[in-house]
Ligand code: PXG
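Only one chain is given next, in structure tokens, and it is the form predicted alone.
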Amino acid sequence: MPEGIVYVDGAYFPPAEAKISVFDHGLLYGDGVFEGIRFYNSRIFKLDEHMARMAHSAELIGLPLPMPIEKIKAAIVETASRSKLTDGYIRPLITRGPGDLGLDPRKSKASSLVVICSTISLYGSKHMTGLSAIIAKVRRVPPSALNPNVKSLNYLNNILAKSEANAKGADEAILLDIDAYVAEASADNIFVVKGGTIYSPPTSTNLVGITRQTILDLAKDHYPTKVERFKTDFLLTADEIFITGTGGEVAPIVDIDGQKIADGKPGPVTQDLQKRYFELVRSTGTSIHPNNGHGSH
């Protein structure tokens, strides 16, 4: 079983013993929201930003928080502290809670909070050597159908894209929006480097990534950056491509649909931003041991 610990509605359990009701609407219908958060050197990176996004996701689907956001933060810090991990991954989930087999959310009388604290490694050593990707046939769900800023428990759109990549032996999938503009990877935002400028699609069709914004902030004093739409021809003629996300961190893409990007190796801008990112996340954040005097940095 995975290492770590799991909080469920006020109690802490080893991973093998954590349980929710089979009638929970989070399980039955994906009716809930979540965040992915990392901690490094016993400090949780951008906890406040993750909590603000989680609260916003819940608000967008009319999901009441099970407790005030400060108490959710405290539960997350305590779970990470009890995990005994120094570096780890935290997955807080708010579900609609137990209801019945109908869709009506009113049948769920109280939302639930689950906090999983464990470890995650999405790409292993390919963080440094580069990932292969495909352009997925499945398109990103349009904003008119589902607000992309809801980080919901229903990730079927993303899973279908990832399954396409798996079937073709690729590491990642890149989703296009309904108008064939590049949206995002299966669980990451995407960046293109071209002529020394860093490009990122607007977040009108994909999740507002906290790692994405961190990279834009790190880049702004060193590289010109542009947030604008682009299609696959722009992507395939890039000098560099990389993806960002809490789980995936910062990872280069060096091959798309069997076509090498530039020389097929991670580029200097990607490598520089990787270095800056890892220096930042390993030196700042909210302490998981708040009583040791370190606090937040």
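Just count from 1 along the sequence shown to find any residue number. The model shown is predicted, which means the values in this text are computed figures rather than measured ones.
This protein has a second form, the form predicted in complex with this ligand, left out of what is shown; the following refers to that one.
Student: May I ask you to choose, among Ala145, Ala180, Ile120, Met128, the residue with a heavy atom within 4.5 Å of this ligand in the model of the complex?
Tutor: Of Ala145, Ala180, Ile120, Met128, the residue with a heavy atom within 4.5 Å of this ligand in the model of the complex is Ile120.
Student: Of these, Thr211, Ser83, Thr95, Ser200, which has a heavy atom no more than 4.5 Å from this ligand in the model of the complex?
Tutor: Among Thr211, Ser83, Thr95, Ser200, a heavy atom within 4.5 Å of this ligand in the model of the complex occurs only for Thr211.
Student: Counting only non-hydrogen atoms, which stretch in 256-264, 24-32, 239-247, 63-71 is within 4.5 Å of this ligand in the model of the complex?
Tutor: Going through the listed ranges, the match is 239-247.
Student: Hey, in the model of the complex, does Ser186 get a heavy atom within 4.5 angstroms of this ligand?
Tutor: Flag for Ser186 set to yes.
Student: Is the gap between Arg139 and this ligand in the model of the complex 4.5 Å or less for some heavy atom pair?
Tutor: Judged by the heavy-atom cut-off of 4.5 Å, Arg139 is well away from this ligand in the model of the complex.
Student: Verify the contact flag for Leu207: yes if a non-hydrogen atom of it lies within 4.5 Å of a non-hydrogen atom of this ligand in the model of the complex, no if not.
Tutor: The answer is yes: Leu207 has a heavy atom within 4.5 Å of this ligand.
Student: Heavy atoms within 4.5 Å of this ligand in the model of the complex: does Tyr155 have any?
Tutor: Yes, Tyr155 sits close enough to this ligand in the model of the complex that at least one of its heavy atoms falls within 4.5 Å.
Student: Though the partner is not shown here, which residues of 77-100 have a heavy atom within 4.5 Å of this ligand in the model of the complex?
Tutor: Heavy-atom contacts to this ligand in the model of the complex: Tyr89, Arg91.
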